[in-house]
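Okay, here we've got a single chain as C-alpha cells, the form predicted alone, with questions on binding and movement later.
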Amino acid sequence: MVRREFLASLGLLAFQTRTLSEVRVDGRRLNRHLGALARFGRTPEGGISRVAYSDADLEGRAFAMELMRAAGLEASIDHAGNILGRRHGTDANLPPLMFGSHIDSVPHGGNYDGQVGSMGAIEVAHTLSDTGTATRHPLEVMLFQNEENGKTGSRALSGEIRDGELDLVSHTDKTIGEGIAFIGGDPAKLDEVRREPGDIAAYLELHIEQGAILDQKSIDIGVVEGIVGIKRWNVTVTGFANHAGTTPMDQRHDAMLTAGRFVDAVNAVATEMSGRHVATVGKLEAHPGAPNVIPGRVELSLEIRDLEMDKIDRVFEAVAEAARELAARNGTTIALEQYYLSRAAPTDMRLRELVASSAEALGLKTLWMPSGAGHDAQSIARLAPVGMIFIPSVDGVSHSPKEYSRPEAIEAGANVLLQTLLATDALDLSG
C-alpha cells in the first residue's frame, strides 16, 4: 500500500493538508531557548557538563519548568524526578499523547543531544497555546531524568527499575535514590509513577541523529524505524602469566595474543555478515599489566546492537565460535558472560507514516532508518506506540562539545513533530 492510500485509510489526508498550512513553530524562539539552556553547566570548550543530579541539572530543570509554564503547561515533578507539563484536551476520556526527551548530558557533552527534543516539545506546546489550537487528547510534555546514565526516569514509568538500582552511584557521587530526591522526586514512591499499557495513547520524540548518515546524504528528516536492541558481555581470556624474557615464543599461552585476535574476529564476523548490526570491543585490560610479564588474563567487553534481537544472537554465536577456535589455537580459554540487555523497540508503523508524510508535506526529504543509540522512547515502547524523528548531526558528532545541529534543521524537526502530533491526535489509536 502506498503512503497516500495508507493515509486515506486513516482518514488523514484532508486533515494533514489543512493543519500543515495553518500552524508552524517559532523557530527563533526555539533556538533562543536552546541557547539559553546551554548556559547551565557550560564548559570552557563550549559544550556542557549537565549530568543528572548535579547543580547544573537542577538549574536547567528549573529553567525548563519556567518555559513550560510560559507555554501554558501545568508543570510538575513526578516521584521519579521527571518534569511533566500537562495540557488539557477536549475529550477527557482519552489517554494523553506524550512527547519530549531529556536535558541531562554526558560529562563534557554537547548542547543538542536530548535538548533539541525537549525544547522542541515545549515549543510545540507554546505554538498550540499561541494559536489557540485544541487537541482531542490531553498532552503530556515529559522531560525524563537521567537518560544518559540508564534512562532512569523513563524506565520508572515502564516499571523496569531493578532491585538495588537506587543504590548505584551516579556521576555526581550521589546514589540514584539520593539523586531522585535531590531533583524533587521521591524514590520511595516509584510504584506510583508506573504506567500501564493503555495509559498513554502514543509517544513521540524528536532527537538529533547522533550519527552522520543524514548529514552525509543531505537528508532533512530521519524516520526512525526502531531503536536497536543491545546485548553486552564480559569477556575473560585466561592464559598463563610468565616471564617475558625467558619464555620462548612457541611455549607461550599469551592471553593478550588471544584477546587481540578476538578483537579482530569480532570485526570480521560483524563485517562479513549481511545486515545493519554493529559489534564493538570497547574495553580491554591486561593482568598483571607489566611490560615484562606475558599476560595471564585479559578482560574485554563485547557489545552487539541490531533492530532484531534474533540477529544479535546470531552474530554472537558466530563470534563465540570464532572465540573458541582462537582460544584452542593458543592454549588459552575464553569465557563470555552476558551482563546487559536492552530490548529492541520498533516504532509504530502508523506513526512512521505520519512522520514521513508530515515531513514530505513540509517539503523535507526523508530517510527511513534505525536508531543505533538508546532513547527514552525505548522504555515507553513497552507501554504505547512510539514514533521518533531525527534531524541531522553535522559531521555525525555527538556526546562532544563539537556536537552541532543547524538552527534551520532544528526548526524543521520541531515542525515535523508538531504536525505529526496533530495528525496522531486525529488518529484512532485504540486498535
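Because the structure is a prediction, the values reported are computed rather than measured. Counting begins at 1, following the sequence as shown.
If you look for the form predicted in complex with another copy of the chain, you will not find it shown, but the lines that follow are about it.
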Report the stretch among 281-289, 115-123, 350-358, 91-99 that approaches another copy of the chain in the predicted bound form to within 4.5 Å, counting heavy atoms only. 281-289
Give a yes or no for S400: in the predicted bound form, does one of its heavy atoms lie within 4.5 Å of a heavy atom belonging to another copy of the chain? yes
In the predicted bound form, E225 touching another copy of the chain (heavy atom, 4.5 Å): no
Contact with another copy of the chain in the predicted bound form for R155, defined as at least one heavy atom pair within 4.5 Å: yes or no? no
Proximity of H108 to another copy of the chain in the predicted bound form, heavy atoms at 4.5 Å: yes
May I ask whether N242, E303 and A373 each come within 4.5 Å of another copy of the chain in the predicted bound form, counting any non-hydrogen atom? yes
Using a 4.5 Å cut on heavy atoms, which of R86, H253, R195, R261 is close to another copy of the chain in the predicted bound form? R261
Please tell me which of Q338, T131, N267, S76 lies within 4.5 Å of another copy of the chain in the predicted bound form, judged by heavy atoms. N267
What residues, if any, in 183-204 have a non-hydrogen atom within 4.5 angstroms of another copy of the chain in the predicted bound form? none
Change in CA distance between V51 and N234 in the predicted bound form, which is 3 Å or more, as closer or farther: closer
